[in-house]
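Only one chain is shown below, in structure tokens, and it's the form predicted on its own.
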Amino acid sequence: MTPIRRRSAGILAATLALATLATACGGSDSTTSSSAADTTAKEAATTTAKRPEVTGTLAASGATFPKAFYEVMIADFKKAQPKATVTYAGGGSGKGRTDLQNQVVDFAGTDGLVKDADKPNYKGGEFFYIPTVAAPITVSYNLDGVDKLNLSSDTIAKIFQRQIKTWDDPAIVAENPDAKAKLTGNITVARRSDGSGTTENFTKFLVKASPTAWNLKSGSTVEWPADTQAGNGNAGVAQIVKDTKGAIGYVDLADAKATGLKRALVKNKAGKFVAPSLEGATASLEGITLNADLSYDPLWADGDKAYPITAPTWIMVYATQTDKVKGETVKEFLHYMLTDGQKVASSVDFAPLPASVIEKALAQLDKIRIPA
């Protein structure tokens, strides 16, 4: 992956976002008091001090959508805990869930949830979802001379189903009249080859936003048309778009920016064309309902500024740890991510969580059982 650039404004932006959102997130299980949210915001905005030393070696796999953020977290955690080692292999949300199910990894990254029918198959028993960050899924494209592209959900649905195959299709021209002369050539659709939470959230968005136009349903894998091109991971899709004139694909913001891709403005629920940005993702988080298991859905959110394809992501971890050293280390790593980590999220193109979500995620960590 391209080396990650840090922006000095990121820390301030993330801190302000946490403070602003301290009372914005509702919960189906309870309502967070403003004083508790303020306390959590202060904790997340202050360097963690006097944490216990941990020495475990952890291996993880899963979602590529948050991989850029997790790589930063691993490097920063190593500085704070030099005797601990964490690796994160990516591979897609589906691989992460399967690896955790079979106890191949110590924790897993996922952008999608486990089906109820599959939960008994997890060999380690009960597991928790720990939310980490959120970010836009971009609709990235490669089209010479077109630096601004507006796309509605119906048009996106028809493009990815291969009902629209050329850039001069009337539906695209109608949404981009000023670019009509440059909308030429065939469209190449790039999509994921692996079981992917990015695919799941992208297709869930289309189910919500265009229920009549989109007919491929949703899931970590779908039956894409045969003439689409498949890439492994978000980086793989980004590379196809970069290398192919006329290509379009769905890619997380971090990989899209790292690859230098143009990104379409997507029409949101309020009827506004909105660019994929952290501000748009934050606006989508403002109205979420946090479920008891800490799952939530920011897709197709209300609000003029909300970016409509904002995706959540979680770390999955077993509630009962069988190894004391590893259990202590995974709890400390996740605690670091939920506190110090939120300060740098925006510097790698991820939106920090609302303070009320962080409070409940930290409470979830306290429920992890570690052998004496």
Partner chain sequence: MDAPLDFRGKAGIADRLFGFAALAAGTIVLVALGTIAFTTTRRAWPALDAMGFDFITSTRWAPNDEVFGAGAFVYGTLVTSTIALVLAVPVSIGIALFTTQVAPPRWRKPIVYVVDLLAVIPSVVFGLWGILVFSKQVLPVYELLHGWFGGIPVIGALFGETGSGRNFMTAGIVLAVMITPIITSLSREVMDTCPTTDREGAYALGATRWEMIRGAVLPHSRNGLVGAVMLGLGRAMGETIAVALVIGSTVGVSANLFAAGDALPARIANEWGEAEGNWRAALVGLAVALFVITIIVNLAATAVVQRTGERGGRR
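Nothing here was measured: the structure is a model prediction, and the numbers come from that model. Numbering follows the first chain given and starts at 1.
There is another form of the same protein, the form predicted together with the partner chain; it is not shown, and what comes next is about it.
**Student:** I'd like to know if Y122 sits close to the partner chain in the model of the complex, meaning any non-hydrogen atom pair within 4.5 angstroms.
**Tutor:** Within the cut-off, so yes.
**Student:** Does the 4.5 Å heavy atom contact test between D144 and the partner chain in the model of the complex come out positive?
**Tutor:** No, D144 is distant from the partner.
**Student:** I'd like to know whether G94 contacts the partner chain in the model of the complex, with contact meaning heavy atoms within 4.5 angstroms.
**Tutor:** Flag for G94 set to yes.
**Student:** Using a 4.5 angstroms cut-off on non-hydrogen atoms, would R191 count as touching the partner chain in the model of the complex?
**Tutor:** The answer is yes: R191 has a heavy atom within 4.5 Å of the partner chain.
**Student:** When the partner chain is placed as it is in the model of the complex, which of 149 to 157, 258 to 266, 281 to 289, 84 to 92 ends up with heavy atoms within 4.5 Å of it?
**Tutor:** That would be stretch 84 to 92.
**Student:** Can you pick out, from D302, D178, E126, E223, the residue that has a heavy atom within 4.5 Å of the partner chain in the model of the complex?
**Tutor:** Spelling it out, the residue with a heavy atom inside the cut-off is E223.
**Student:** Could you tell me which one of Q101, Q161, T184, S277 places a heavy atom within 4.5 Å of the partner chain in the model of the complex?
**Tutor:** Spelling it out, the residue with a heavy atom inside the cut-off is Q101.
**Student:** Within 195 to 224, which residues have a heavy atom closer than or equal to 4.5 Å from the partner chain in the model of the complex?
**Tutor:** Residues within 4.5 Å: G195, S196, G197, L216, K217, S218, G219, S220, T221, V222, E223.
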